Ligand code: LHQ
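Below you will find one chain, with nothing else, as structure tokens; this is the form predicted on its own, and questions on how it binds or moves follow later.
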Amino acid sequence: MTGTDAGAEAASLFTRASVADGPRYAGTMSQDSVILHGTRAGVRTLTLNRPDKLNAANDELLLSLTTALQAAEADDTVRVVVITGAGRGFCAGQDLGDVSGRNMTFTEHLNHTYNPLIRTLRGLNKPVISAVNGVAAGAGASLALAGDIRLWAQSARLIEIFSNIALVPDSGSTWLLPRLVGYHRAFELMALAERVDAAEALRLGLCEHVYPDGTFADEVQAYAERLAARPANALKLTKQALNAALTSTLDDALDQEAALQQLAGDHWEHREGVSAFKEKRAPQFVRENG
């Protein structure tokens, strides 16, 4: 749930961890106070928009992001979702000022805000890219790790900062991080609140690619458009299979693959892929009607 006091600690630690110009991903932009929405070429970009607090999360931001993800899932013109941050931060974790003095337990707060968000993101039937443009701390680190693809700017930094205020990592970090780096490295990162820079994140497998700050927004959009051109139904089923396999046996995974393969094989995308292969042309997996 936490990361900083409205991002203050992260700001002092990561004053250089930013993409100065902020995100420039989408063609058409609209705004609902804390989340910017933009869509271009099948890519829906959702930008956390509290730059003065390094996008530290309050209830409005968390609930709005969950709603925005649900809207993207329901929109057939959206094929890929990008989550990024405005200004020089991705997300500095919980804005502690927003919960100070509130008559709500930690458990109630997580079940009301962060847990529905992470469940929605992980269960979305479309690929989600975490475009980490700057500081990702506390619950912001969880959000950075939760994407299906994680793209980092060179100046981005991640820190599991919970132990600095004697709390337990949450928002999925205890599930996500050990699966990426193993139990022992995950415990060390959490216990010592060690900063991870982009080069180390790439080495550890916390991200797939690192791009220069100056071209980060363009690189993210280009990558997302490549993903958007892929077969949407097949990617949806692949995501379902991988998520199920993370907590299943080999026998369960084999059964799941067989069932999902039938769904994929019955879809028009498969027929298009086979036809394109036989005709020695590039497959066209995007239709005007979605």
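Residues carry their position along the shown sequence, with the first being 1. What you are looking at is a predicted structure, and each value in this text was computed from that prediction instead of being measured.
Below: the form predicted together with this ligand, not depicted.
Undergrad: Exactly one stretch in 72 to 80, 208 to 216, 184 to 192, 131 to 139 has heavy atoms within 4.5 Å of this ligand in the model of the complex; which is it?
TA: Contact-bearing stretch, as computed: 131 to 139.
Undergrad: In the model of the complex, does each of 109, 167 and 170 have a heavy atom within 4.5 Å of this ligand?
TA: All of them do, each having a heavy atom within 4.5 Å of the partner.
Undergrad: When the contact criterion is heavy atoms within 4.5 Å, does residue 123 count as touching this ligand in the model of the complex?
TA: Flag for residue 123 set to no.
Undergrad: Is there a heavy atom of residue 56 lying 4.5 Å or less from a heavy atom of this ligand in the model of the complex?
TA: Result yes; residue 56 sits at the interface with this ligand in the model of the complex.
Undergrad: So in the model of the complex, is this ligand close enough to residue 162 to count as touching (4.5 Å, heavy atoms)?
TA: Residue-level check for residue 162: yes, a contact with this ligand.
Undergrad: May I ask you to state whether residue 52 is within 4.5 Å of this ligand in the model of the complex, using heavy atom distances?
TA: The answer is yes: residue 52 has a heavy atom within 4.5 Å of this ligand.
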